[in-house]
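A single chain, nothing else alongside it, follows as structure tokens in the form predicted alone.
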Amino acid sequence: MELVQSYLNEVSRFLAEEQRKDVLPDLRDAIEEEVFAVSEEAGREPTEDDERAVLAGFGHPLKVANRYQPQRSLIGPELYPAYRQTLRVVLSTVLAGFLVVALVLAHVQDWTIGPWSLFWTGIEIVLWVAFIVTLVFVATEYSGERFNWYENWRPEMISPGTLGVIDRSDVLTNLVSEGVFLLWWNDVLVFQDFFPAFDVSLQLSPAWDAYGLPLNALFGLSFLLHVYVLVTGVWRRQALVAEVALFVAVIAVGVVLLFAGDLVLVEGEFLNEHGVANVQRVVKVTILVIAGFTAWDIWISVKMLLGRPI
């Protein structure tokens, strides 16, 4: 019952992780019991139309998830899942917009930002967005207004072929690392004076010159993909295939760079030839570590595509 599974995936987006293993099996049994009852009454095997008819009776996945939410003082159980989803969507959109604006300013006005400034700017954006979205939902809760799109929902709105709920911590880790890389790669994020105690100058060697546009494309597309996945909250086959393809390309570039000779130009008063060689090794080991984590992500995605347990 693919449509039922997709519906359960949608419901699980709005449940806390610890709730899912208790709620979803019972919900699946209840839905499938009604589907089989409908098909038996018609004297045939269950069809997708039977699934749609039963799911229409259960209603919007968010509405179903509401039944399992505890009462909260400011935002009640009926609105809380919508609040979480809205906060996630708005935050993802605003932070992605900040990245785009920063990249544009870097090319138009040579705008740069240091690591600590970037960190505190990100915190400020998160706090302001959380405050505004929370204020809107608190006002909605106490006004008595409700979202009428609950009643307008139909099973046809479910995207078929969802393969599972995302691991938000993993997606967020990818987003942060890809965003930081894009800012650094485009000379927006500068680390000058970030380690003032070390009188060492590091610059990328000419070996990187051929990869300016390819790396921007790979990490930019990967960043946008993970924003989309974070907003939707579920993995779909097309998104997983795209992630695997992008990650394979990233590993391929990393392998080529490992055999490209020196990757950085190092200058420092206390560094001798042996010290410079060690710095080159550290850079290449870092690339190997990144490739290892990327390969692990590919393996997880492939297992999900094949329908194997993670």
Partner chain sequence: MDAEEIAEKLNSEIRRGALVLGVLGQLRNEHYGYSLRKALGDHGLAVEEGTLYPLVRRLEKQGLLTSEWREEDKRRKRFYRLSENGEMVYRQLMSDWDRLNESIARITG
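Quantities reported herein were computed from a predicted structural model and do not represent experimental measurements. Residue numbers count along the first chain shown, from 1. Throughout, rigid core stands for the largest set of C-alpha atoms superposing within 1.5 Å between the two forms.
From this point on, the text means the form predicted together with its partner chain, which you will not see here.
If you check its partner chain in the predicted bound form, you find no heavy atom from any of R236, A242 and D297 within 4.5 Å. Taking the partner from the other structure, its partner chain in the predicted bound form has a heavy atom within 4.5 Å of a heavy atom of K63.
Although the partner is absent from this view, G261 stays clear of its partner chain in the predicted bound form, with no non-hydrogen atom inside 4.5 angstroms. Its partner chain in the predicted bound form comes within 4.5 Å of no heavy atom belonging to R281.
In the predicted bound form, none of the heavy atoms of E45 sits within 4.5 Å of a heavy atom of its partner chain.
Put simply, of L265, A30, V256, A277 only one has a heavy atom within 4.5 Å of its partner chain in the predicted bound form, and it is A30.
Contacts between 43 to 62 and its partner chain, taken as any heavy atom within 4.5 Å in the predicted bound form, involve V54, G57, F58. When two forms of a protein are overlaid on their rigid core, residues whose CA moves 2 Å or more are considered shifted, and G292 is not one of them between this form and the one not shown.
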